[in-house]
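Starting off, we have a lone chain in the form predicted alone, written out as structure tokens.
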């Protein structure tokens, strides 16, 4: 499963309408109270603006023509009160919409996170995590922007424009007709601009995600970057991406702002025409100057909402593109679905059996008719050369992936027909690459079992040979580990991850090269601790160093995705021309040394 195709740039009007309906349908009802208050405030803003345009006729006629001071004072007081109402209404609508917008962003961030957790490991293997995070951070505000643009444009800008247009019609119907002649060509031009902006907006979002993703990967792999002197190569790559993003943003700026000259030209023509017409009416028809000032004020006040309405489609297009990219993630169906008959797993002996299992990553077959049994309460070791399929066997047991054919059973129950949560609750897992999360050492161990007590956490750390180095830290178990455990060494991170698996106290323990990052002394101590911790559990362990698996009850040898040998260390080591025997001979000093212990 991959991220949405970035080449799908065309968003037709029906798609935009459908997106608007979906966004409003998902968010409107939950915030109907807040939106109602905000709309009422916006209506007050619109009507007060229209009142300012209308009252100008009385201001001019009463104060400057009739010279009536009493009426002039009343008019001035009313204007002051209107501005006060307008200011408070604007404040409240802004605060309310910001609060609702922040809540929408928070809700969709939670929703995205929960949905991503339902997607399979395969999705994250194919999608670049840095780009995925960058796209989410950029796109999630699009849904908020769609709602806010819709509310403010409808309740404030459109109503203000219509109210002021009404004032202009009342004051001079003939001159107002000019707006109905000018408006259609103007909106046709703006529609043309928004169409061209549509594709550019999506491309810009994708390019920006590439830039942020590349930067994040560089930061995460900075030691490799410096060790291999990759600075110049990565700098060229980043510069190329940044340049492409810059050019795309420049194109968006040119397209977005093209309505500026268009609007200014139309506004200039309208105002110049207004003054010419008003001068003609005042000179030859003896029309009151109040009418002219009221019309002119309404025209000037209408310019700002008209300009925002002219930009609305462009802004809405951009917001809808961002929102649509969020929904493309939300609408992704989990590759692994719970079957209708899925039941909780019931573990008795924790016996694991593979029956004719096949698996492939794309077209690359990794497992080919693999059948094996890991007996309950015993240790089964998987050995073989790199690429033999050992890690895939480990990954199929907790259903990180599902086999293409065959079945996997735990105590006779097909794991495809049990709930994934109940399956994984019975499994503790230590990966080849230890990963620690933001927080303290204690937090990271307790992730194995959140209800574990401090004593149980410390006991697990002792079993993993981690207690001594933990208490030597500045804050002991409460020492922050930094991003991915950067404050700890590789061996220390691995021991913390082993402690996390041990505190889970699960009947099945999966170890994928669990001691690979440890030095010889630490490995020996951890191996001894693991031997005690594995007692009574079903353990499936992968190891390239045979010294760590010589005491396993069963050793399964794999090559090219098949099981080629099976037995214990003694029987396999004595087999003539066997793969295990050849590996054993290559590692004989280490294995013999371990056996003597």
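Numbering follows the first chain given and starts at 1. Here the structure is a predicted model, which means the values were calculated and not measured.
The following text describes the form predicted together with adenosine-5'-diphosphate, which does not appear among the structures shown.
Screening 210-218, 453-461, 390-398, 433-441 for residues having heavy atoms within 4.5 Å of adenosine-5'-diphosphate in the model of the complex returns a single hit, 390-398.
Contact between residue 173 and adenosine-5'-diphosphate in the model of the complex is not found at the 4.5 Å heavy atom cutoff. Under a 4.5 angstroms non-hydrogen atom cutoff, adenosine-5'-diphosphate in the model of the complex lacks residue 268 among its neighbouring residues. Not displayed here, adenosine-5'-diphosphate is kept clear of residue 489 by more than 4.5 Å at the level of heavy atoms in the model of the complex. adenosine-5'-diphosphate is not shown here, and in the model of the complex it never comes within 4.5 Å of any heavy atom of residue 344. The single contact residue among 348, 475, 250, 125, judged by any heavy atom lying within 4.5 Å of adenosine-5'-diphosphate in the model of the complex, is 125. Contact with adenosine-5'-diphosphate in the model of the complex, judged by any heavy atom within 4.5 Å, is made by just one of 261, 385, 482, 87: 385.
In the model of the complex, 361, 366 are the residues of 340-368 with at least one heavy atom within 4.5 Å of adenosine-5'-diphosphate, listed from first to last.
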